[in-house]
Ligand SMILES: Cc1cc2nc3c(=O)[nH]c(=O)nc-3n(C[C@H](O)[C@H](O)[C@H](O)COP(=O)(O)OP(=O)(O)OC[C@H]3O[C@@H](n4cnc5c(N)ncnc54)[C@H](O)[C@@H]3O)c2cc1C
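Have a look below at one chain only, the form predicted alone, in structure tokens format.
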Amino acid sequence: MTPLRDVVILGGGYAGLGCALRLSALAPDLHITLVDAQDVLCERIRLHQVVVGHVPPRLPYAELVEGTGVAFVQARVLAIDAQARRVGTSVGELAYDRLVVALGSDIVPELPGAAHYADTVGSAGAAARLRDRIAVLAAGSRVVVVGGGLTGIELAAELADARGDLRVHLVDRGALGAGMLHPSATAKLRRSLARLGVTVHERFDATAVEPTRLVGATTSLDLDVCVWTTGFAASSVAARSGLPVGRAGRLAVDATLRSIAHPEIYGIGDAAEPVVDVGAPALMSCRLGLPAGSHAAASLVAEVAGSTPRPWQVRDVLRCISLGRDDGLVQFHRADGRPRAWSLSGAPAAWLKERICRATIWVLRRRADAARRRPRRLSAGPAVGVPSVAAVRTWEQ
């Protein structure tokens, strides 16, 4: 392995930003560059609220990293040249000694017509577009949410809670909560959705999306708006760059979160998946972003000290589900991911979910404060600087 001085982190979010700030606090003499296509942090765990008109505070990356020693570059990542250890972006090339891939995921509608006729909530932009569509819907309009995972459940409940005049349908191709919730928690979920007026369609084998209906194998549902909340896939950058990937295009990493082919490249958050047992399934989820970012930062510090990074052990003990503003569900589970019989519901669960959402930003700000307190010998700045766009034309071809 080459000496470690320049670290480039691709993607902000909870994982990438958390890693950058933690690493800057632990190793203030590194050059750390954070790259993201957007200029503000997207609170993905609040996108279902955005759809009904909630406007979260703006959290610009430049302000979050100011004074921390982390340089922020707003750019779209085009490709990774693992042999040359360079990243091509829309504004130039960046060289690295170590690279952290935290490019996240998005919803990829896979059924015929879904990409054209269905909205998603996979990004801030998509959520804002859906918000504008929902705002002009007349009373009695039918909104069909496809996908019975956490994203679909939260969105359906939020819509029904904020717009009680709409007819909200939640479609699940399996049984509601299967593998995710204990039967007792599923019963609580059913009661909450029924109270909100959400109609649940289980074991609905959707085959296509049309302008005014969701087509199933044996039946169909009329709709005014279809929202697709299933089919998450990682950023395609790793696969397009020839790096080994696994399911859903996630970078294949070992127990230390390093690429199985290039140990100088780390993968965290939704963008990566360990190919070995790390204690529990490393699911695409916001709740694992900060812990994975912290582990990658600690591993990089271990490399600086000449030590071998330790394996990551997933510590994922609960799932929190918003069911509107005043209701929620918290499912506790075992270390291996299996749900326990113990769950929390109602207003206490809603209170806990909100505190966890706020805590993520609090943790990031605390990490930034810790980084600002560390003396530095190196000035912050991109690893190579930002040359002209002509320098990366070959990446775009």
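Start at 1 with the first residue shown and count on from there. Values in this document were obtained by computation on a predicted structure and should not be read as measured data.
The next section is about a form of this same protein that is not shown, the form predicted in complex with the named molecule.
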> Only one of 75, 221, 245, 209 has a non-hydrogen atom within 4.5 angstroms of the named molecule in the predicted bound form; which is it?
Replying inline: 75
>> Considering non-hydrogen atoms and a 4.5 Å limit, which listed residue (180, 189, 237, 126) is close to the named molecule in the predicted bound form?
In response: 237
>> Is residue 262 near the named molecule? Define near as a heavy atom within 4.5 Å, in the predicted bound form.
In response: no
> Does the 4.5 Å heavy atom contact test between residue 109 and the named molecule in the predicted bound form come out positive?
Replying inline: no
>> Is it the case that residue 59, even though its partner is missing from this view, gets within 4.5 Å of the named molecule in the predicted bound form, heavy atoms only?
In response: no
> Hey, in the predicted bound form, is residue 294 touching the named molecule, heavy atoms inside 4.5 Å?
Replying inline: no
> Hey, with the named molecule in the predicted bound form, do 251, 267 and 309 all fall inside the 4.5 Å heavy atom range?
Replying inline: no
> Out of the stretches listed (342-350, 37-45, 361-369, 328-336), which one is close to the named molecule in the predicted bound form, meaning heavy atoms within 4.5 Å?
Replying inline: 37-45
>> Within 4.5 Å of the named molecule in the predicted bound form, counting any non-hydrogen atom, which residues from 5-29 show up?
In response: 11, 12, 13, 14, 15, 16
